[in-house]
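Let's start with one chain on its own, the form predicted on its own, as structure tokens.
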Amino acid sequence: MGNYQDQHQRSLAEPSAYWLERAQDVHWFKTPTKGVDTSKSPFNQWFADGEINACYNAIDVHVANGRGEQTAVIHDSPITDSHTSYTYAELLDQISHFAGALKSEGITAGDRVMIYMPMIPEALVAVLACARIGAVHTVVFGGFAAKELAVRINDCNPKVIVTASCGIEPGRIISYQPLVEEAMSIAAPSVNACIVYQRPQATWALEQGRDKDWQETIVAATPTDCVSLKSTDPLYILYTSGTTGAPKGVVKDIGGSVVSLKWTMSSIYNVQPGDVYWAASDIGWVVGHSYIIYGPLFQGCTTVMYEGKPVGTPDAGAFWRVIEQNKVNVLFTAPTAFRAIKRVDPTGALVKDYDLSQFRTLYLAGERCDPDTLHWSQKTLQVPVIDHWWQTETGYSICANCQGIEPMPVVSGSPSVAVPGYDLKVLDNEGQVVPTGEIGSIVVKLPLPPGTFTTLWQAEDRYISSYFERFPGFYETGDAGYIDENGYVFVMARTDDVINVAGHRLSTGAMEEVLANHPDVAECAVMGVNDELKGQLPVGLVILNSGETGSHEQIRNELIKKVRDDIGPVAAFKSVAIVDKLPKTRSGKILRGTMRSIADSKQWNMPATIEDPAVLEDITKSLQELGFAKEQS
């Protein structure tokens, strides 16, 4: 691990020098001389004397360097049966005009603009137009409930909402106008205008004086140039769920984001200018910010925006079709997408229908990648499958097998080693480092590297209390796991998913691995529920492969025996239900905390990010049949 070890050790020993060198790879209006300023830690600042613009680094620099005719973005939409692409020069024209439109609405540097859009190229144009003039964008997943939208409006007070007439899901059209108007009626008044992109599938009835038509606005606008901004100015606010119910507005700065994301494209993903990079996510999530929009464009890649699903648009070969048609080199998606494909096509038969010869590497993140999904993906695609681990707050990988620095052996169950810039420790509840191989809280020694969050929007006290108070001098990731003797990190569960069974600390992730290894299981979740005798007991929920007709009772008994054999009787694993679906967020995370509250008969709120609320009714019934969820919330 020579090259990797050298880089990692240097990034920790000399963080300022290390990242100032990386900063030479991006365009600055004023080149920084300062690396990290830790004088107000944890409010650390990177490249504080530098001036930069994220849009210039994503678009203008490539046009200036003669790459204007290269395809910048491909929009692939099986939902609307359309396929369009834009060159860097075409994007520059659209973005500079839309930036002019925002200016004509009175938007200047520091103002907030809310973007509530489906997966269409205009969403990317709106994001980069904000960055062009220094407006702080906050993207909210299109179709979010009005109440949740209102909470975000109240928190960041946007002057303008950029939206569309509708979003489209398989089999249904979601009109955005009623949602946006209800949100504005609930929220305190801050929004002066809505700029609406009219899609043919639904019409937004424009209200005179408030609503502007996207097309008319762009035609009438005067194109505007990029403005020079401080490196430490905010690039965007992205809301992530908070444990108290109020969302947390994660803030990313401009300079740190440009330097770190461009660096990750070559160092982690091993992609070069001109490569086709596809992050199968949504721009409403951090993956969409980092790896649909900013990262690939900083690197001069072609980025794919996909408006579709892993299955059902039209079948479980959808991803393979996108890879073949768009000559995708690298795909980044969530393990849950591959579990969905595997469930419908367990043998991976549909892969044989497509030419994937251009395809080099699959990256998985968003939820823990169980070894079964990893092995299935490796066998099906015959390319390296790289698990990596990161969070909304970090914006890119904490741990990864850095393919552009030094590829390492893939160890199933591990997202590999700490990325340069991250000094990882595993601590016990008293803040002491635990022995190698023991589970504890995974933390990062401060300072965090550039591009990670700098604060929570208008909530500095909460920033400290949520992330830095429990272990002073460290960022608390909220994840639990261990580091082995080779430095490989194993992220086993959220901290509150490490359960205590009769005094034994056990990982629900380890039990999920065992269940997922059963040949009939497509997907599973294990959570700890309260028990008077043992403190907590594990409960398993499993989805079977499509077409599986075996005896449910027999499968349940096999699973219970398997956990007993592999984890030990100490796990006291006796409760398992077979279900049709698991409750998930739109980004694919399983809502274990909500299920735990239901099982423990506690009050719970419907999560704003849930993909299908009806699933929770079925889960409640299944838990009641197991003897839990005694009171309906």
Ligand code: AMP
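Bear in mind the structure is a predicted one, so any value in this text is a computation, not a measurement. Heads up: residue numbers just count along the shown sequence, starting at 1.
From this point on, the text means the form predicted together with adenosine monophosphate (AMP), which you will not see here.
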Note: exactly one of R556, R494, K159, R462 sits with a heavy atom within 4.5 Å of adenosine monophosphate (AMP) in the predicted bound form, namely R494
If the cut-off is 4.5 angstroms on heavy atoms, which of these, D76, E148, D479, D345, is the one near adenosine monophosphate (AMP) in the predicted bound form? D479
Candidate site H137, Q198 and K212: all three near adenosine monophosphate (AMP) in the predicted bound form by heavy atom within 4.5 Å: no
Exactly one listed stretch (97 to 105, 403 to 411, 188 to 196, 366 to 374) reaches within 4.5 angstroms of adenosine monophosphate (AMP) in the predicted bound form by non-hydrogen atoms, and it is 366 to 374
Using a 4.5 Å heavy atom cut-off, state whether V286 contacts adenosine monophosphate (AMP) in the predicted bound form. yes
Does T224 reach adenosine monophosphate (AMP) in the predicted bound form if we count a contact as any heavy atom within 4.5 Å? no
I'd like to check something about S85: if you look in the predicted bound form, is any of its heavy atoms closer than or equal to 4.5 Å to a heavy atom of adenosine monophosphate (AMP)? no
Within 4.5 Å, heavy atoms only: does Q458 come near adenosine monophosphate (AMP) in the predicted bound form? no
Residues from 304 to 322 in contact with adenosine monophosphate (AMP) (non-hydrogen atom within 4.5 Å) in the predicted bound form: none
